[in-house]
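First, one chain by itself in structure tokens, the form predicted on its own.
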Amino acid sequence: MGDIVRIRRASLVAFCAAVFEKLGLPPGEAADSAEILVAADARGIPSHGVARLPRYANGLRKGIMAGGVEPATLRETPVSLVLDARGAMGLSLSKKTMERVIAKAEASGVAFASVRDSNHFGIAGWYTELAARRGMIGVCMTNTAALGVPTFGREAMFGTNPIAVSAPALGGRLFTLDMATTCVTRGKVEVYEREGKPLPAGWAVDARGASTGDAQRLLEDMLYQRGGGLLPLGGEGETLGGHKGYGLAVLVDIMTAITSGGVFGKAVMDSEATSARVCHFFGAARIDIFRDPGEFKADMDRLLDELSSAVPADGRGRVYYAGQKEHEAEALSDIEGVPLAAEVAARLAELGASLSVELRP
């Protein structure tokens, strides 16, 4: 890994918010977008963090995405909502949509929403945790540009299509599963490309369907749809369950795009200027529709304690439950500052300078 710089979290959020405002976002939307992007880096997920800020800037400058856009309500019931985002920034829009879903669930027990014609929204687990911190089970999915190759295929037919679920335990502790349905995300491949490292075997295939470790070539091939792409969760073939990851990826397309009337499958395409228009899905369920919330959280606490105290394999330090690494990294970031690759920090500083916004380490 290259050099790392740490920036105080509040300073990094303020910098990103100021950049977004300079690019035309209303203050509230700029603040939301900055908070969500920085959360990814704070949790040790740089693939979805502030390294994407220049890409947002490019999209906003070219009018491919826009701030201050009010989504159109296509259909609404007491337990559901379908929105056309009309090209809005995905970050703040998704926060507001999940808040509407939570409000409906508070009244009705459960609620769901699907959204079409949106943009990249950061880490899916950020939205599920909004529900979990309100004593609910939260669900979130999004489709993405077609980057994933189906089992026995050689061309990308679906996105990395993440699924996230959060559930609360006692004392504010959360279980947060936030996973791509491909072996890795494109953002992870971008990290390897930036660091000049070969991809591990089993992550991706080239245009012939053969395993590839060339991150730069893979990114170019996926952008221009020359063939090749990321393998589904489980990897190549059926032996290790790659067909299951493939099925999950298609499920996300159904829940996000088919329910909202949006774009799905290989029709979801990136360009050199910006990320593809995508679709989202959000859900929330009150715990008391199943059982007493206190009893639920106590059992969750016991489950998480059992998992985190499991005996590790030889040569391994400890066993984690989903979300534990990220929450521990976030706590450390709040004390020591958010870690950024020096190259990313330099690019942010350059972007800020072009807008008269200073980035302060």
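Quick note: we count residues from 1 along the sequence shown, nothing fancier. Rigid core: the largest C-alpha set superposing within 1.5 Å between the two forms. All figures in this text were calculated on a predicted structure; none of them were measured in a lab.
One more form of this protein should be noted, the form predicted together with a further copy of the same chain, which is absent from this view; the next part is about it.
- Contact with a further copy of the same chain in the predicted complex, defined as a heavy atom within 4.5 Å, is made by all three of T151, F175 and R291.
- The contact with a further copy of the same chain in the predicted complex, taken as any heavy atom within 4.5 Å, belongs to L240 out of M269, A103, L240, L170.
- Checking I137, M222, A145, V191 for any heavy atom within 4.5 Å of a further copy of the same chain in the predicted complex turns up a single hit: I137.
- The closest heavy atom approach of L332 to a further copy of the same chain in the predicted complex falls outside 4.5 Å.
- Among heavy atoms of T128, none comes within 4.5 Å of a further copy of the same chain in the predicted complex.
- Although the partner is absent here, D299 lies within 4.5 Å of a further copy of the same chain in the predicted complex, judged by heavy atoms.
- Within 4.5 Å of some heavy atom of a further copy of the same chain in the predicted complex lies at least one heavy atom of Y246.
- Remark: of stretches 35 to 43, 332 to 340, 49 to 57, 300 to 308, the one touching a further copy of the same chain in the predicted complex is 300 to 308 (heavy atom within 4.5 Å).
- Of all the residues from 190 to 209, those having a non-hydrogen atom no more than 4.5 Å from a further copy of the same chain in the predicted complex are P200, A201, G202, W203, R208, G209.
- After superposition on the rigid core, the Cα of K197 moves by 2 Å or more between the shown form and the other one.
- Relative to the superposed core, A72 undergoes a Cα shift smaller than 2 Å between the shown form and the other one.
- After superposition on the rigid core, displacement of the C-alpha of A210 between the shown form and the other one amounts to 2 Å or more.
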